[in-house]
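In structure tokens, one chain follows: the form predicted on its own.
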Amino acid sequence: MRIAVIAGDGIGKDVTAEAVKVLNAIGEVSGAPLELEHLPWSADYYLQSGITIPPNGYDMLRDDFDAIFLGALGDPRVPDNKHARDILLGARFELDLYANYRPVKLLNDVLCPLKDRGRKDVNFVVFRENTEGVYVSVGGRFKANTPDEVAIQEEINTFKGVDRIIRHAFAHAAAHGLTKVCMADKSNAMQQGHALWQRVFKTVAAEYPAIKASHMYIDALAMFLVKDPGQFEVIVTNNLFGDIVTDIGGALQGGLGMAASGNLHPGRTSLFEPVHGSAPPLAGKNVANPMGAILSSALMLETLGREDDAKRIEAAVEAAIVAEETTADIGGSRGTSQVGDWIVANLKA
């Protein structure tokens, strides 16, 4: 299997180095090595060359690789983040990576910030529609930078986009023996676009009578994620709301340094990344938590059909938490590279 590796900016480089160590180790342990090709696309590359992604870049990712692993993007030297938009958002749209897959799984009770809650309460997945909504940049500004400025940002919902993400959520639940799917919208206030979500959800839910389908307004969902996360198994929602609630999910599992994600188009080349940002002030200081990146590599292997290898990696991360071989953000005293080295040693042992 060929994997495109884009370390990106800031701590993306630091955590990707550790994920690469783990992928090489799991290839050695399993006897099925991965071919990792490092692509230089980043703020540095853009500032040196003026190129964010080569003209054939999206085609190359789609045709030449089985998956893409991304570290993080964002650099204050590129104030408009053009390179990040072209690489990450561009890949999502050009490769039609319509399902953002966020497993929210607490690996150790000590990491949960909620009182009297533990692993049994924080174990669900969120599917966020990834190619529509308010992130499509439809709109504009009139009389910009004046007291009369008017800014319009359109939300786009299509039947195709809504139908396929909802179907993906139900199919995931059915394939994994899960019995509950909750859809979140704001149809009481956004009556046009979210009426489509309501209609499609009811139609698809009727095709899965063994799965309990429920609906919450997004503000209520946010409240119940904090109050009683154990009631959820699969959540499906739109692009903006999914972006917000998955950060709540990250906090529930120990912080954004623990959170993994996949940008999926089933059956096609998909992209995997930790959900944290590039945190430029922390870059190169050996302090970033690499576990989100390492768990993203496990998610990638799971999606590629290597479930046993994915489970081995997750078990090694769990063992590191138990052994307190972690970075400071989750209570440890180890550096980024030391955490990666410990997890590699555990895999090989």
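From 1 onward, residues are counted along the sequence shown. Given the structure is predicted, the values throughout are model-derived calculations rather than measurements.
The form predicted together with a small molecule exists for this protein as well; it is not shown, and the discussion that follows is about that form.
Listed residues 26, 295, 288, 301 were compared with the small molecule in the predicted complex; 288 is the one with a heavy atom within 4.5 Å. 277 is the sole member of 277, 90, 230, 118 with a non-hydrogen atom lying within 4.5 angstroms of the small molecule in the predicted complex. Only one segment in the set 317-325, 65-73, 304-312, 30-38 has any non-hydrogen atom within 4.5 angstroms of the small molecule in the predicted complex, and it is 65-73. When the small molecule is considered in the predicted complex, residue 256 lines it closely, a heavy atom lying within 4.5 Å. Not displayed here, the small molecule is kept clear of residue 341 by more than 4.5 Å at the level of heavy atoms in the predicted complex. Contact check for residue 51: every heavy atom lies farther than 4.5 Å from the small molecule in the predicted complex. In the predicted complex, the small molecule lies farther than 4.5 Å from every heavy atom of residue 60.
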